[in-house]
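Look below for two forms of one protein chain, each set out as structure tokens: first structure 1, then structure 2.
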Structure 1
Amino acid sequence: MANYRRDIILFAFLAALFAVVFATQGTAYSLRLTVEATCYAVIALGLSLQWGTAGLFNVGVMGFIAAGAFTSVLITYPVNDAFWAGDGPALLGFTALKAAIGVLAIWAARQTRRFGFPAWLANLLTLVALAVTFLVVSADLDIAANVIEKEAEWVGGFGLPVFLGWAAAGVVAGVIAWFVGKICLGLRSDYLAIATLGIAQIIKTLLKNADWLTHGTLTVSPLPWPVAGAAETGFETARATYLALTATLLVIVYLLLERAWHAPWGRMMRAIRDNEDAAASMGKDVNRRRLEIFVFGSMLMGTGGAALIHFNTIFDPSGFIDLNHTFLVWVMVILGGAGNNRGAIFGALFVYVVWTMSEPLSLAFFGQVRDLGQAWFGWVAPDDLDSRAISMRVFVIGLTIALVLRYAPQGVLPERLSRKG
């Protein structure tokens, strides 16, 4: 029981903090904050799985969140009849067929080594096949995009249930992670950081500029909910139901991760993290196991991103920001304690409350300073005082993480090592 005393105290403090938020900010606002915090908690569990369990430095969290969010939008948004009635589907089908042929050509070029071709010739044939495929597919895709934007603006969605969209979001994020990890996990750890940072920017740029596919900066809304919306049940009831759903998702993910953590698989992953050479000498395939955990963690990020974007009911590619969707998640994991699932959840909930509430508190504080300064000293506040107050949230988060690194470098709930393994 003594081992869990800190957990009980900290989560009791967290419950009291949420109670204060509900009492001072109202039910509707507080429910929204809590739903978003639980979505971030799922994402933080994915990052904690990668960093805390396998030591994988992923600085492209935003990319996996964005990819998962858009995938769910594509799966669940209502069908655009104008797109299906036009020439767009046929053009995209022919483009996909040519892309498949190109992939086969690239694969065949790689296999020429088996027939006695020298390595330099096989590599040259592969590059030629890759270049030709890229040029042909790009040209066809430009034609299809112009036709789609002219006829229907964009492709729309498939109108499928939201739960299928969330599942697809995890799968797509996992597929992207597999390709990135397949290339980078056999190299030095800093290559993974560079690759994930780059892939995140590529995904965001693609989502912003592919108007025919994502509607670009014109945004997509309103997104469907997996539960009854405000029109059917009322504003607060709808948010409370959504909270029950995301909380259930969080609990299920936590229980599955805890089971894996205490299973032989989890012990093996910690052994690889702590001493890679020793694990490899015992016959463990280090790169394969790291790839597994990188994919699993990214799937959680994609699913959490999908749940978050549907709750906000609007998909805007410009809204995905490294500060909010990568740096903030890292702060959550570092504060809570990497390698501890409870720590990741605590860090996500606490940091999101601090991040969200620092804005109204800073506005109130700066407002008092302005009023008192004018009344007592005749001080005239600058016109941009409110915008400066909003920027205080970055200072508050920075101060929070600085204090944690100084006084609790392993997090407030550090990994609990068990003698049982």
Structure 2
Amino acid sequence: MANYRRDIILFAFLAALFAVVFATQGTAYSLRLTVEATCYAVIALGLSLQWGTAGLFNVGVMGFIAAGAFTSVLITYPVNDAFWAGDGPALLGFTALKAAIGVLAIWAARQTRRFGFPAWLANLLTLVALAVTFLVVSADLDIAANVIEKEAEWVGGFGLPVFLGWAAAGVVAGVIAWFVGKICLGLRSDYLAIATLGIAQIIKTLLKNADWLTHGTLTVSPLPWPVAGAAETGFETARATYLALTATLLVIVYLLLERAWHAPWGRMMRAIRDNEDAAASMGKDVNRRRLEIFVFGSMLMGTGGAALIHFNTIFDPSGFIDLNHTFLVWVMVILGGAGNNRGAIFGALFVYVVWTMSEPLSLAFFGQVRDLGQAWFGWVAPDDLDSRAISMRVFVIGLTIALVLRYAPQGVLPERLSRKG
């Protein structure tokens, strides 16, 4: 029987922390905090799977969260009749058809090598096919976008149940991860970091600017809830049922991950992480396994992001920021202990509470500084002191990352090493 004393102490401490929050901040607010924390825990489990189990360095968590959240919005938001009645669907259909023909042409150009075409000619044909497809499709899409924005503002959703939306969120995040991983996973981990950083920025730019598809900065709200909303059952009951749902999701994900961790699959993953060459010499397909785990982790991020965004009932692309949705998750994982699922959950819940509570605290602190500075030294604070106070938290996140890496690289709940055999 392994020693669980540390786990018990830490989670008891966490329970006490939440009890204090509930006692001082009011039930409705605390429930909101807890729901968001559990959503973050699902996301953190995804990152812990990628980083702790496989050593994959993903700094584009925000991108996968945003992609998942948007997918879920598209699936579940009520149908926009003005869009379906107009020319938009037909135009989009034609664009999709042209894109499909283009993809076929690119594929055909790649296949010309089989008929004895020299490599440079095949490459040239591929490039030409790519360029023509890109130009034609982007021109078409531009026209379609203008028509849709004029007729119906944006495409609206499909009005399907929320659970389908969450599942689709995971699938889309996974598909994006598959493409990124396919390109980068054969190379050193730094490349994956650079590429994920880039893809996250690009997903955000797309969501912000493609008004016809995402309603852009005009935001989409209210998003449907998977459970009865506040209007029907009251604030606290509604939030409590939502919490029950996300907590169940978290527990299911946790149990599945624990099962995978102890299964031969998990052992193989750790073997690959610890010594890639040895694992490869035992006949393990290193890159394929990494791709698998990268896709799984990103799916969790997508689903977690969807759960988070539905709870807040508003989809705002500018609301996704690196700090809150990438680096905060990183702090959760490395503070809690990479390669330990309970550590990731502890880190997520703990860090989220501290993070949320630190906002009013830092504002209060800087307000104090302003008053005292004025009273004692006649110092006139700049008007934007409040937004500067927020940036102090950026500094603290960075410092936490640097310090944890240096002094406690294992986190508070280190990975459990099997002592068997």
Partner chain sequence: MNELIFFVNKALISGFVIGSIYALGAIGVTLVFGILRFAHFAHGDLMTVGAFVAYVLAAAAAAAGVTAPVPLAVVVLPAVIVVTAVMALGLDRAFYRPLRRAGSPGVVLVMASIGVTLMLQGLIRLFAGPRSREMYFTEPKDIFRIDIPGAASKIVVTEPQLILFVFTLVAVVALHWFLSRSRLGKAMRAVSDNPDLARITGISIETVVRATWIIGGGLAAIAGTMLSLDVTLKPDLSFNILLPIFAATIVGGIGQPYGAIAGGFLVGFSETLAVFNWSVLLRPIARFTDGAFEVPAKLAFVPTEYKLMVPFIILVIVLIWRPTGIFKGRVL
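Rigid core: the largest C-alpha set superposing within 1.5 Å between the two forms. Note that the structure is predicted; figures quoted are calculated from it, not measured. Just so we're on the same page, residue numbers count up from 1 along structure 1's sequence.
- The form predicted in complex with the partner chain appears here as structure 2; structure 1 is the other form of the chain.
- Once the cores line up, the CA of L405 ends up 2 angstroms or more apart between structures 1 and 2.
- Core-superposed comparison between structures 1 and 2: W379 shows a Cα shift of 8.4 Å.
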